[in-house]
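The structure tokens that follow cover one protein chain in two forms, given apart as structure 1 and structure 2.
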Structure 1
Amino acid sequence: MNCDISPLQKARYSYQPKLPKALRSGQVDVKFGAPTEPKTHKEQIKALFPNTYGQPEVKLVEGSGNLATGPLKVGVVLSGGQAPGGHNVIAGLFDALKAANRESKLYGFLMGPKGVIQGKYRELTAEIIDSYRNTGGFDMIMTGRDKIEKPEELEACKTNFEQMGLDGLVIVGGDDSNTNAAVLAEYLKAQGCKTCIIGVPKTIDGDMKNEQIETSFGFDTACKLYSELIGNICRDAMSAVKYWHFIRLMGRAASHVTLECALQTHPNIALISEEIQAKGMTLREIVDYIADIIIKRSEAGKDYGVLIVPEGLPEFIPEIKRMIDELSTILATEEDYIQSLPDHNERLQYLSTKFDPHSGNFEVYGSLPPDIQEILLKRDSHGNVPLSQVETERLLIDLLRDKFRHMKAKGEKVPKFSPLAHFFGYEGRCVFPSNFDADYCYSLGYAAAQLVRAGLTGYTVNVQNLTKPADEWVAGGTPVTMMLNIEMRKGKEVPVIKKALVDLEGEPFKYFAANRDKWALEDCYVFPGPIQYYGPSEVCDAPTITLRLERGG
């Protein structure tokens, strides 16, 4: 089939992503830092990762170019949710391997970690790579949310790698997938298998970051896309002057996406889950807070506005979090049975016998709408609740309508309230990567190839100094074990990379908190417009406001 391609896609094929100077030089050396350790659970993690614990941080520097130059066979797999820039990670990896040795080969494992376990892959040739350069999506090799964890799965991977003669595997994923990278690296090292495992920090959620990893790729583009849409809605709201827009934004746990979009667009209300948790706010208190702003705006003659809410909110409301935790423990052993029950009422009935009668958690569960109750019964392979399916924006609208109805019944004055609900999530994950993400991802892939050439395993690749021009970026590797901590998942204690939540003492939140009262009542909306790929650098290359406030620049 001969499919058309858009003029932008055609133009983007020839965009040459920028690289840090040390990587461009072609004479790369690895500089080792001091040994590392995790912040908490040191002994537990050391016992679980005896072969990869304590490895030093590394930097990729311009030097004599003493990395391996022989032909390498390297695999790559995309894992978890799509994020703009994934194809550029693969392109960077490919170009770096070929630059070091034309005979090197890159294999793409298909449909996520399952493809690694089942040995399903295809060789990625120059022709394939060229038709995906600077494009969004993960469709070159697709993705999946499977986990490589059972002994037979680890063994299957090893067998496949040995049959392929694979020198390295690059796992592109978020916190869960990079944790998986650590588990696989440890297993292969213990078994004397030569395949090195390198992770790449990906997620639009922006929650895989720490001192070494400044941001996860995809966050920049997704936030810019959502901000464009929010800005357009703000303008629509102040034009029509009759609707309140309730917009839920993707981001499973942390509120980074919502905070960044708030900084970019100045909506009237932005809920930040981490603050709600810190203040211990109940659902009723959140509704009261929103109602107060709606009423004040109405009194000022503004029966319109824009609210943004992170999809992760439910898990940060203490009463709902406690309920979800108890439910997760029940599901750890009973999920299959509960799902096999014929209908919602039977499931509800059964659950009423399973919750601790003194915890109050069943009452909280029962107070939610049935469709949300059903979604809360599902878990992905990493034990996460599929929050992207919970329509929190509608729940808030319903609760506000109830509140205004009660107020009216008591004879109180109520505002005119015509709400509209939106969810911006999937539309932000396969966007053509912004110039920032195109450059960042290409650099991550290029650097990952150097870590494989250096024979390192159990590392997540990093590129730092991101608020500076790409020339001054510095690439390296962070040992995954230093990012681990122990958490409860599906009722069991397991090692996982700690998710970075919004820091309430950090500059991005402080800036938001200092301005939100003004944004609530006045119309201070900002309209970022669509992502620009060509034009002045301040329009096309600027990183997120979050990154600039966190890192300066």
Structure 2
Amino acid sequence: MNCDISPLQKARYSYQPKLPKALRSGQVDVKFGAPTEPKTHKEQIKALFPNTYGQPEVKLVEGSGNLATGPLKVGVVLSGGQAPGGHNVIAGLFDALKAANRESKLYGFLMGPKGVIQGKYRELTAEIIDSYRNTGGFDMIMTGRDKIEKPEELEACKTNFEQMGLDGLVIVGGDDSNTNAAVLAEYLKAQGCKTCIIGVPKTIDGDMKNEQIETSFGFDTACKLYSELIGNICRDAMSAVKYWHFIRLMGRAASHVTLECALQTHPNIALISEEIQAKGMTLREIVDYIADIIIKRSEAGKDYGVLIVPEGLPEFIPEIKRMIDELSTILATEEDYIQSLPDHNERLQYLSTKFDPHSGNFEVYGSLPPDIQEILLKRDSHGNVPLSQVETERLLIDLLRDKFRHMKAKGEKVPKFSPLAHFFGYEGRCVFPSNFDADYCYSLGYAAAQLVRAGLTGYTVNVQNLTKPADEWVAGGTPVTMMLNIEMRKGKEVPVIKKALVDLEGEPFKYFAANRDKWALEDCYVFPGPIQYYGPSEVCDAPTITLRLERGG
């Protein structure tokens, strides 16, 4: 079926992503560093990964071109949530394989890891690849959130790979997916299977980064898209001069998106979950902090403003976490009875007898709006209290309304408060990738092909020096075992790549903290505008402010 395409989509097909100099040369060698080890839990991780533990870091450098030149069969799978640039990872992988040997073949496993387990794939041809270059989304081969971890799943993958004669599999995903890649690589190596496993760092949340991985792909594009929208809201706030906009952003486990968007747009208030946790702030203290800024702006004749907050904020508030832990214990045995009670007042009364009277947790639960109290009484499919379903921006609005209502009842002067709630989430996952992400992802895919050609397994590909022009980028690979630590997941100790939280001693947060008081009371808004793909490099190719501050670029 022939469908219309937009002028921008047509133009983007012809954009040629930039590559690091070494990858452009056509004569790529692998340079090995010293053996590596994780920072913590060394003996546990070594015992779990005896065949892939201690591998060296590698860099891809110009040389004599001593990598394999015979035809290869390589698979690729997209795992987890979408992120702008995924198609360019596949395009870079395809182009690199074909540049080394025109007979090489690339297979896309369909619908995420489930497709790998079930052996569902299609060959990716030049015609297919060309229709997805530099576009957003994961729809070329689709994605899924399944994991490859059970013995029967690992064995099914091995059988499929051997039947296909697969030389390598590239897994495009976040910290869990790259951990999964390490598990699969270890299993295949122990079984004597030739298939190499290479991971690619993806997540718009920006929490898969460390000394080796400077940023995950998709973060740049998503933050630029959200910042455009926030900038538009800031302009609207100054135009209507009567609304407070509360904007919830992606980021359950970390606040990188909120911090980057704050750096790009200078909202009046930006809440950083990691700081709130470090300070041990209560929900009331957070509400008091926001109210104080609203009141001061109102006294200055500004009954408007913009607040941004990460979706995962409640999980970082210590008193909320303690309450959720106790509520979870109660629901483990009492959920059916509590749900059988005829109305919420009776449920609330019954809960008051079940919470520890000395913990203070019932008071915290009772301070929440009734609709949120109800949400928390139904556990999710994993048996957890569904804190992620709480709309953080609406929670804050409700609590602020309560505060101002109580102030008015006591005869205190209250500000005009007309709040509007927004959530910017899925809008950022499938955008046309920025030039930075288009180049970065293409380089990641191109480099992944070289790691497969080198016969390496259990690595996550990286591209470094990202604040410099692409010509100066340096590609290589990091052994996944080097990035692992042991964490408790669902009551069991498991190896995982540690999520990177906002560093409160890092330059991005320190810059934000030094300026937020001014941003709170003055209208210092910045309007980034839409993502630009054509024009001056400083407009079109610049990385995030976070990356520039972290790397001194």
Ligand code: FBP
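One-based numbering along structure 1's sequence throughout. Source: prediction; values computed, not measured. Throughout, rigid core stands for the largest set of C-alpha atoms superposing within 1.5 Å between the two forms.
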{"item": "Which of the two shown structures is the form predicted together with this ligand", "value": "1"}
{"item": "Hinge candidate matching the rigid-part switch between the two structures, set T481, T258, V502, I317", "value": "I317"}
{"item": "Degrees turned by the smaller rigid body between the two structures, as judged from C-alpha superposition", "value": "26"}
{"item": "Core-aligned Cα shift of T333 between the two structures, given in Å", "value": "11.5"}
{"item": "Angstrom displacement of the CA atom of P370 between the two structures, core fixed", "value": "6.7"}
